[in-house]
Every structure is written in structure tokens, then in C-alpha cells.
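Shown below, as C-alpha cells, is a lone chain in the form predicted on its own; questions about how it binds or moves come after it.
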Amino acid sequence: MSVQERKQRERAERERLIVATARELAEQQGWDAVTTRRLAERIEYSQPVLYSHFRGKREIIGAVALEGAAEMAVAVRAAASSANSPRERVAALARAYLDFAARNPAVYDALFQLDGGLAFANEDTPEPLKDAFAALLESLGEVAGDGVHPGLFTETFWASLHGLATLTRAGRLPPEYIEPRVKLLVDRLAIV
């Protein structure tokens, strides 16, 4: 291994460490606790080293969001692939999405609530975000109904899931009714 390859590997490992540490800190104490000073202390590197990877907290939030989008896509696809019918796939997808949001609140915030400097729904959208949407579209597109654009249906269903996730987490909706809400969403929106 050349010196340059070793340095590139070390840099990539440091970057993964920064993102993992930011994510862990945000999950434990919230995003307000994630500061470059605190991250530098936790990873045992100086702040200038941290700034050599990310220009600031916004870019760190973006990196956590991209990692989270990839994880969410995997979770949604895994849930949908275990179902036997379109209706079951949509219900499994909805449960997986809501479960991901509940288990990873800081990541979910990085994806959908905070400014991570990421472009959504245009040509500059990073691939992990496009793939997370594609994971939803794969199952939802088949139940959109005749004459309904699959992408628009997916956006609407996703917005419903986002509302459920956000309102439940904020204590505005009781969490014990998640399953009836998923059933209602699937029964009323998914045409199968």
C-alpha cells in the first residue's frame, strides 16, 4: 500500500468516526449538543482536523442524513420484500418507515427537519436521497391507482408517514395507535 493510499484510508476512517460520533451525540443529547468543539474532544482530534473534513455542523448534519437515507432505504426494501401482496408490501413499508423514524430520531431530524445543505427533488439531489425515495416508489407505485402519477402518489403517502412519525414523536398522537393508523392509511390510499 502506498503512502497516499494509506492517507486516503485514514482520512476516510476519520470521516466515518466524525459522522458516527455526531450521530451518537445527537441521538443521546440532541443536535444542539453537537458542536465542533465537542466532536473534536470526543474523537480526540483538533478542531482544524475536523474542519478539514467538514466546513461545519451543517455539512456534518448532511453526512448523517445521507447515511440515514441509505439505512432507511435498506429497511424499507427489506420490509417490503418480506410481504406477499401489494397491500402487505405497503403496510410493511409504512411500519418500517415509522419504526426507522422512532428508533433514529436524530437521523430522522437530519434527513427531514434540519438544514444539512442537501438538495431534495432535483437533479442535484445526492444519490442516497434519490435511492430512499426510490425504495418507497418501488412498492407505492404499484398501488397508486389508474391515472395517478406514481411519483405524486409516493410523495403524498410519504408526507402522510412523515406526519405520523413527527406528530407521534412530538406527543401529539398517542403511539399505541400506530398500527390502526397504518391500516387506515393503507386501506384509504393504496388502491389494490
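Just so you know, these numbers come straight off a predicted model, no measurement behind them. Throughout, we count residues from 1 along the sequence that is shown.
Below, we turn to the form predicted together with a further copy of the same chain, even though it does not appear here.
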a further copy of the same chain in the predicted bound form: contacting segment from 66-74, 147-155, 41-49, 22-30, heavy atom within 4.5 Å: 147-155
Contact of residue 172 with a further copy of the same chain in the predicted bound form (heavy atom, 4.5 Å): yes
Distance check, residue 181 to a further copy of the same chain in the predicted bound form, heavy atom within 4.5 Å: yes
Exercise: residue 114 in contact with a further copy of the same chain in the predicted bound form, heavy atom 4.5 Å: yes
Distance check, residue 188 to a further copy of the same chain in the predicted bound form, heavy atom within 4.5 Å: yes
Residues in 151-170 close to a further copy of the same chain in the predicted bound form, defined by a heavy atom within 4.5 Å, in order: 152, 153, 155, 156, 158, 159, 160, 162, 163, 164, 166, 167
